[in-house]
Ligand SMILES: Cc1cc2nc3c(=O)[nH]c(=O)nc-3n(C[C@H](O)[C@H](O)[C@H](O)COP(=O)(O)OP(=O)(O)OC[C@H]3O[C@@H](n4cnc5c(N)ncnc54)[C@H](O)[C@@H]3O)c2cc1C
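In structure tokens, the next block holds one chain alone, the form predicted alone.
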């Protein structure tokens, strides 16, 4: 019986190391489709910047596939309705895609597509593309699964396809035609070619100071990998990055370079470790992982504080600079992301869900599995991680000692003396006038007093953690989701000593 394949592109916008494309090359005929879904655009984490990045990558991918004889359609609509329309023109028998660990709406979408395929006798084959394991019963042995997948040979790129004929390919839509507002961000270049170039430059020279660069919002712009958007949209595969990194380590005779790249390689594992949590427990996108923390913040959500945090107007310069930078570029290094969430959770006592949705719309590299796991970890609702309460002033002194980042993004503080830049409210009135920055007029006064806010947060959270029922729940969470890397302390010992098994992710 002839096989007519349809490749369904989702978060895998590349030609190389693409198992669905390799399978389609073996079919009697083949076509490909990318669907711009109203549910995605209307979702609370949806962003026109995300779509703009995808469309730029799709334009390049469409040209590359056309050169190999495969037509790529870009359709707008609910996926099942798109498939129904497409089958009238191209009666495909096989649907080929990668697995996706996404947000709640995409999980519901995939279940609906599975039912549609059964109803129409379409064979849907999904291929793994990360280290995430579907229907994982236990975390024991997960690291071995990851290693086997990442060390497997890259999927060969097909030379050509027997493309379906007679499929009209309209021009790609743009944001205006889709009724979306311009995003206004200064985004990284999208597409497989820029992704490959970014990986090559990182391994060749930019990443050689990786471990000393990634904490600074200035140095990480260049010394960080900057690969996260490409991995989030699948313009690179995790296996490509892993294998290229291993090769670069093996090919270097510089001890410092090998150490830096090994640090990055370790973070690739953590990338999939966090995604596995959402795959295994989809509810963590919506509710506290440690149910003992239910009700801790939800009933005390202060909308005025939340609005100031979103606007970068909290009165804490490092927080505000990071938020304004993120809103303008769609990117921020990991330590500063962690500080933003810590500040919202502990200083402002905001529950993580609404700040998480706001940040999801800002991060170009939004990856649901990583994002929601990190939102909960940095907010203290996992039950198993150290409470990380970042001091914005200390972060400024440690990672922006010259004040260049703050002055770039908070220009109203441009003439504030450097010793007072991290805490401008400490200026005397005469100093404020001389700097042209009167606190409360030209720049906000601090939303909260730091010591009092953190003392209250510590008291409430540590009192909760001392409860035997909370500790029992934490042990169960550790069993289900914790790392199994040898040499790590037990969940109970980590809580006692303050150790954590989950380091900063890569950037």
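Everything quoted here is computed from the prediction, not taken from an experiment. Numbering follows the first chain given and starts at 1.
Just so it is clear, the following notes concern the form predicted in complex with the named molecule, a form of the same protein that is not shown.
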Original post:
With a 4.5 Å heavy atom cut-off, would you call residue 267 a contact of the named molecule in the model of the complex?
Top reply: yes
**OP:** Examine residue 271 and determine whether its closest non-hydrogen atom to the named molecule in the model of the complex is within 4.5 angstroms.
**Re:** yes
Original post:
According to a 4.5 angstroms non-hydrogen atom cut-off, is residue 218 in contact with the named molecule in the model of the complex?
Top reply: no
Original post:
Heavy atoms within 4.5 Å of the named molecule in the model of the complex: does residue 109 have any?
Top reply: no
Subject >> Contact residue in the model of the complex, from 83, 366, 409, 161 (heavy atom within 4.5 Å of the named molecule) >> reply: 366
Subject >> Heavy atom within 4.5 Å of the named molecule in the model of the complex - the one residue of 306, 90, 334, 349 that qualifies >> reply: 334
**OP:** Within 4.5 Å of the named molecule in the model of the complex, counting heavy atoms only, one of 285 to 293, 110 to 118, 227 to 235, 170 to 178 shows up; tell me which.
**Re:** 227 to 235
Subject >> Residues of stretch 369 to 407 in contact with the named molecule in the model of the complex (4.5 Å, non-hydrogen atom) >> reply: 370, 371, 374, 375, 378
